[in-house]
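A single chain comes next, written as structure tokens; it is the form predicted alone.
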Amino acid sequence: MVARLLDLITSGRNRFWRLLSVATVMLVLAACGAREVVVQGNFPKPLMDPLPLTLGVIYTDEFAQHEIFDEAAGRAESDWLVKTGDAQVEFWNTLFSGMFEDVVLIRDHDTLRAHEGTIDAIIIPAVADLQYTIPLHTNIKIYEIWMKYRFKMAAFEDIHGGDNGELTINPEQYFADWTLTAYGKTPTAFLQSDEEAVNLAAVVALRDAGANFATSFARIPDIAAWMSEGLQPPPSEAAESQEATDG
């Protein structure tokens, strides 16, 4: 189809039809590409007294580079690529630094060992699910985004490093594992573009996730037990098994 339209441009004698053909080609080419959104926003620190904890944070590559690709269901629609990774890291860094007395980003095994004896626990966030709705065939740009997070916490000594510096942990060694949901919706339909509306919905969802995390963290049963026991996580099943063998 594009080749045919280009033929019309080069062979047409009427300037009007040339211009019309050029416009048509541009529309066809635009429809072939994905609508891309790199989420950006302003994330203020939470207004609260920090918990007296030094928290280590591990962002996996999957989390730090998180994106969602939604393939168009028909010719009248567009593919969508929504990149949330950078915004995720920026947001959770801001939230954690406001919630806890000290925060240490653990990038590799060397960074981990450099903070031995100073970290109370290590948290690993993950995006378990992200869904959104897009208004089709309408000029009302109200978008909605649902997000589901999964958080895992482990003791410092349960995080291990390989020869390549990568960090690993036995799934049985997490002392806390819970999920959290968030919702975001564009607060106004009077935005300049669909991309802007998607971005704003994502920012609202992140802020909602932060509010939910801040208000529920100390009430998570495993977290509450850990904090009440002097920040000493219960021994993992693997550790108990090893102690029995040593005994």
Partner chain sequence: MGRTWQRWLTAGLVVAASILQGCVNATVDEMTFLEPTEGIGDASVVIIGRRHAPDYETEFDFIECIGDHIRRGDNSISVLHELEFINMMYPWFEPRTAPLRTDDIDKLLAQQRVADRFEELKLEYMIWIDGSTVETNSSGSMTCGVGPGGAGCFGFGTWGNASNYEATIWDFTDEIEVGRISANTSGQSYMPAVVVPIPIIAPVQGTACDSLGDQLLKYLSAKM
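Positions refer to the first chain, counted from 1. All values reported here derive from a predicted model rather than from experimental measurement.
This protein has a second form, the form predicted together with its partner chain, left out of what is shown; the following refers to that one.
*Asks:* Does Ala128 reach its partner chain in the model of the complex if we count a contact as any heavy atom within 4.5 Å?
*Replies:* Residue-level check for Ala128: no, no contact with its partner chain.
*Asks:* Is Glu195 close enough to touch its partner chain in the model of the complex, meaning at least one heavy atom pair within 4.5 Å?
*Replies:* Residue-level check for Glu195: no, no contact with its partner chain.
*Asks:* For Phe156, is any heavy atom within 4.5 Å of its partner chain in the model of the complex, or not?
*Replies:* Taking the distances in the model of the complex, the answer for Phe156 is no, it never comes within 4.5 Å of its partner chain.
*Asks:* Would you please decide whether Ile58 lies within 4.5 angstroms of its partner chain in the model of the complex, comparing each non-hydrogen atom pair?
*Replies:* Contact with its partner chain, no.
*Asks:* If the cut-off is 4.5 angstroms on heavy atoms, which of these, Leu95, Ala87, Ile124, Val104, is the one near its partner chain in the model of the complex?
*Replies:* In short, Leu95.
*Asks:* Ok, Asn212, Thr179, Gln40, Gln65: which has a heavy atom sitting within 4.5 Å of its partner chain in the model of the complex?
*Replies:* Only one listed residue qualifies here, and that residue is Asn212.
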